[in-house]
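Single chain ahead, by itself, as structure tokens, in the form predicted on its own.
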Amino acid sequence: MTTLLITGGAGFIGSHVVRKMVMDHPDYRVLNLDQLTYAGNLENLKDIEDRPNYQFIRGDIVNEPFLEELFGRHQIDSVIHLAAESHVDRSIANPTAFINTNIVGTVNLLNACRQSWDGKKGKLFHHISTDEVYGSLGSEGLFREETPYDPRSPYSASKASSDHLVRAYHHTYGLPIVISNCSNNYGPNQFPEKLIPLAINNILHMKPIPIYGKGENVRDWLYVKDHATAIDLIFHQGTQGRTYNIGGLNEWKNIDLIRLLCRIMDQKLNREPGISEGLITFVKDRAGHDLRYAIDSTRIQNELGWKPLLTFEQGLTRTVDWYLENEEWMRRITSGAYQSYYDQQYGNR
């Protein structure tokens, strides 16, 4: 039985990847490694926690001795690495945390793989990264796999560093790797510090919806389940040493996205049209705010046959429905109600 380690598997994207691997590949033993920080939530995986091929392990990838023991005990064959600090605003406030997790933690994982695998066949390290490593686009153009790196925030700089290290271990030590860089994800289970769930929560409670600057920054939006499908394809069919860009083909200005979301919410909540839009509040722009991101997904489409299945309007409507049906989840996660339970059950590492 193949043993697959997924780091950050209790987080937003990670939980969808864990579920897909557990459900679609019952011949895999899937280990979910997560530190259970504020963004990690095991309730995201309640529906699979009793599956015989699934196991949760609490631990920190910055703890190198822990990783050495973990690899020795479980004989891990492959890694899908999602564990990361990911919120740009938090990286501006505390860059050191991003250096530790995203750079040091990734190096620790690479070392554990190198030492454990030692040239053995049938191994793979799949590193999940972001389009933000490429920097900022003007009004035209797309990020391609060959686009030079130009990170603009502590978050994107830490992810760029981890990408370079993964490639360096491939070229220097022959470690089998693939890398994927994705655009902005959205969908069920996302922690409400990010734009879409934050706006949904604020609209629900008639609170101001903060929009940076004039809301003219453009992002390419990728539904999280489409992303999980792409990761599955790259993991199983991607060419070792290659990078694959994953984009949703959905470019939206922030202000246009929020106005669409407001219209959907007014309809779902039976409010008068325009009520939610009146909550929009423009705030001081983020420091170093990149103007536009947009991904060219030609490689993964041509080589692996992937394309997003949902339009943005379809995905956004499904996302709104999920949050409205899971208000208690939102209340508990925003209050931090899970943390003391996790510390008691798994230990506060």
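Note that this is a predicted model, so its numbers are computed, not measured. The first residue of the sequence shown is number 1, and the count goes up from there.
Heads up, the form predicted together with thymidine-5'-diphosphate (TYD) isn't pictured, but that's what we're talking about next.
A single residue from the set Lys307, Arg286, Arg51, Arg318 has any heavy atom within 4.5 angstroms of thymidine-5'-diphosphate (TYD) in the predicted complex; that residue is Arg286.
This chain appears without its partner; in the predicted complex, the one residue of His170, Lys225, Arg219, Arg152 with a heavy atom within 4.5 Å of thymidine-5'-diphosphate (TYD) is Arg219. None of 205 to 213, 267 to 275, 135 to 143, 236 to 244 except one has non-hydrogen atoms within 4.5 angstroms of thymidine-5'-diphosphate (TYD) in the predicted complex; the exception is 205 to 213. Residue contact with thymidine-5'-diphosphate (TYD) in the predicted complex: Val88 places a heavy atom within 4.5 Å of it. The closest heavy atom approach of Lys123 to thymidine-5'-diphosphate (TYD) in the predicted complex falls outside 4.5 Å. Contact between Asn254 and thymidine-5'-diphosphate (TYD) in the predicted complex is found at the 4.5 Å heavy atom cutoff. The closest heavy atom approach of Leu198 to thymidine-5'-diphosphate (TYD) in the predicted complex falls within 4.5 Å. Within 4.5 Å of thymidine-5'-diphosphate (TYD) in the predicted complex, a heavy atom is found for all three of Asn184, Glu193 and Tyr293.
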